[in-house]
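Below sits a lone chain in structure tokens, taken as the form predicted on its own.
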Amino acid sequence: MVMGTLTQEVEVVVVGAGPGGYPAAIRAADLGKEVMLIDERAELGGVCLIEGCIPSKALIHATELVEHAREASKFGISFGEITIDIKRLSAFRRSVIDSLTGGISMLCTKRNIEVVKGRARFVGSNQLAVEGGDVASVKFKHCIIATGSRPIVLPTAKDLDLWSSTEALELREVPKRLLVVGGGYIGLELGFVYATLGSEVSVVEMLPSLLTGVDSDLVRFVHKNAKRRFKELMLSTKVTGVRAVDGAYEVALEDKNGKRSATFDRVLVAIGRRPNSENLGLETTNVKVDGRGFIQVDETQRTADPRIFAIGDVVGGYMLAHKATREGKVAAGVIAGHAEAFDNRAIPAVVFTAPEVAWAGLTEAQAAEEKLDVTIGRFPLTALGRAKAMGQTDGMVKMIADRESQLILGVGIVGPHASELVAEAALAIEMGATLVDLEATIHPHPTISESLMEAAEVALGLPVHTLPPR
């Protein structure tokens, strides 16, 4: 690896240019700091933009257009045979990435943020060595670690050419038989994409349900659609081995009925992610790392080493881009001397399946586990005018509130545009809104957003479009 010869001094250096790192750099620069941003990639944006959130949503949008076209006959609209040009679809995906990465580069340039390509490693509490760039080392007053995470590899098949989400999103091919290992959000999102593209998709999940951690009454809508669009759903099933056979993969499976094997053209492993905290030279600092590799931080994102902050996937919690962005802004603000902390009450989460699932605040399961006295209002989309007009009534909105104070504690949504609606739910929780606040807020008609108001009405015992509780 070629290294530069220069040593530079800078006020703030950010290691990692993903959705946590580059906003942190931009915010620090806007607050008057001299900033350097270091990343191994030639492009800025990190996993989320280059091989995660953004390309996956481009493919999901495209493939859902196909599904809507196929279902259009129920509206009296018919199309000819639908064809999918994989090369053009891949080019569209790439154009979205290029546009956004270019935009980030421009924003950094306009703020005089020095961008350095290379791999950074700590050689002390105030210095980094950089491999592969023009700058050999950087002395800093403060550093923000934003190195993100990477896919977990299937332990039984480390030496095989299996797909992670990275390879799946490159659209290298559309395999006839695709096995998705993992029934979480990444596996299901990509499973729906490839099923629409023409693959026979099978999903194997070692736990008894899809989307573990999401309330079951929300998941059931996704489960129903997955059964329709996938060849097979294998729950409570383990993958005990994978071997390459004649250009395909023979997968050993085990469930309550015993052992069996099945053959697939490709295997996509989506069983979670692990933090990128190794080989950073953290042992030369006072930074503390827990047993799972996550860097420990306080509410200001500061590590045990007062000069060093950490944000995003590498600190654990929800591994979500928008959480990393918020943490990056907090860290930059604290470095600039502002009184800031990551004290958010709700981190919205979204699964871009069919239908979409989103939630913010407490889930119903968490409320039960904490033995909270709550009232719950469920409003089905079958009773919503806009959902009926769209022909998309599979879904519901669930409102969870403290029974006595009526303070909204959590909201769960499944159905069309859930990813957009959840922002209102998060704002309600952050602002300390009550059921009455939400119910009394006039929502435009006819819209999907009315479902939030309707769910609040149900929780209050005063529904208009469903029967009142007995």
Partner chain sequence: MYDFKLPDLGEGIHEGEILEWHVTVGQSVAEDDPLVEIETDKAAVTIPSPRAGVVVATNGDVGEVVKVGQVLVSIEDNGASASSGAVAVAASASSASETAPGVTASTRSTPTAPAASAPRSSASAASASSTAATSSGKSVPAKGAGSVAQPASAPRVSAAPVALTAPVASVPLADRNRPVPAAPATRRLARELGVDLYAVVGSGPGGRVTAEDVERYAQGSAAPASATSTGGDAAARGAESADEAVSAEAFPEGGSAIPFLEVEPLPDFSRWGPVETEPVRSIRRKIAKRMVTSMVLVPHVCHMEEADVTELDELRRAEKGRLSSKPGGKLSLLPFVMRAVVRCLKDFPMFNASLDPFRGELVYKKYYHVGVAADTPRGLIVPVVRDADHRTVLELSAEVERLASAARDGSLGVEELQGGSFTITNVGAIGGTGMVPTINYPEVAILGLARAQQKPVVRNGRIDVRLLLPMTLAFDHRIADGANAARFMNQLVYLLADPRRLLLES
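Only a predicted model underlies this, so the values are computations on that prediction, with no experimental measurement involved. Positions refer to the first chain, counted from 1.
Beyond the structure shown, there is the form predicted in complex with its partner chain, which is absent from this document and is the topic of what follows.
Asker: With the partner removed from view, which of 205-213, 338-346, 170-178, 219-227 is the stretch that lies within 4.5 Å of its partner chain in the predicted complex, judged by heavy atom distances?
Answerer: The contacting stretch is 338-346.
Asker: Identify whether its partner chain in the predicted complex is within 4.5 Å of every residue in the set 298, 430 and 433, based on non-hydrogen atoms.
Answerer: Yes, because 298, 430 and 433 each have a heavy atom that approaches its partner chain to within 4.5 Å in the predicted complex.
Asker: Quick check on residue 30: any heavy atom within 4.5 Å of its partner chain in the predicted complex?
Answerer: Residue 30: no, not in contact with its partner chain in the predicted complex.
Asker: Residue-level contact is defined here as any heavy atom of the residue lying within 4.5 Å of its partner chain in the predicted complex; does residue 407 satisfy this criterion?
Answerer: Judged by the heavy-atom cut-off of 4.5 Å, residue 407 is in contact with its partner chain in the predicted complex.
Asker: Examine residue 136 and determine whether its closest non-hydrogen atom to its partner chain in the predicted complex is within 4.5 angstroms.
Answerer: So residue 136 does not count as contacting its partner chain.
Asker: Whether residue 302 contacts its partner chain in the predicted complex should be assessed with a 4.5 Å heavy atom distance threshold; does it?
Answerer: Taking the distances in the predicted complex, the answer for residue 302 is yes, it comes within 4.5 Å of its partner chain.
Asker: Counting any non-hydrogen atom inside 4.5 Å, which residue from 272, 155, 306, 385 sits next to its partner chain in the predicted complex?
Answerer: Only one listed residue qualifies here, and that residue is 306.
Asker: Using a 4.5 Å cut on heavy atoms, which of 115, 244, 372, 107 is close to its partner chain in the predicted complex?
Answerer: Contact check passes for 372.
Asker: If you apply a 4.5 angstroms heavy atom cut-off, which residues in 132-149 are near its partner chain in the predicted complex?
Answerer: Stretch hits: a single one, 142.
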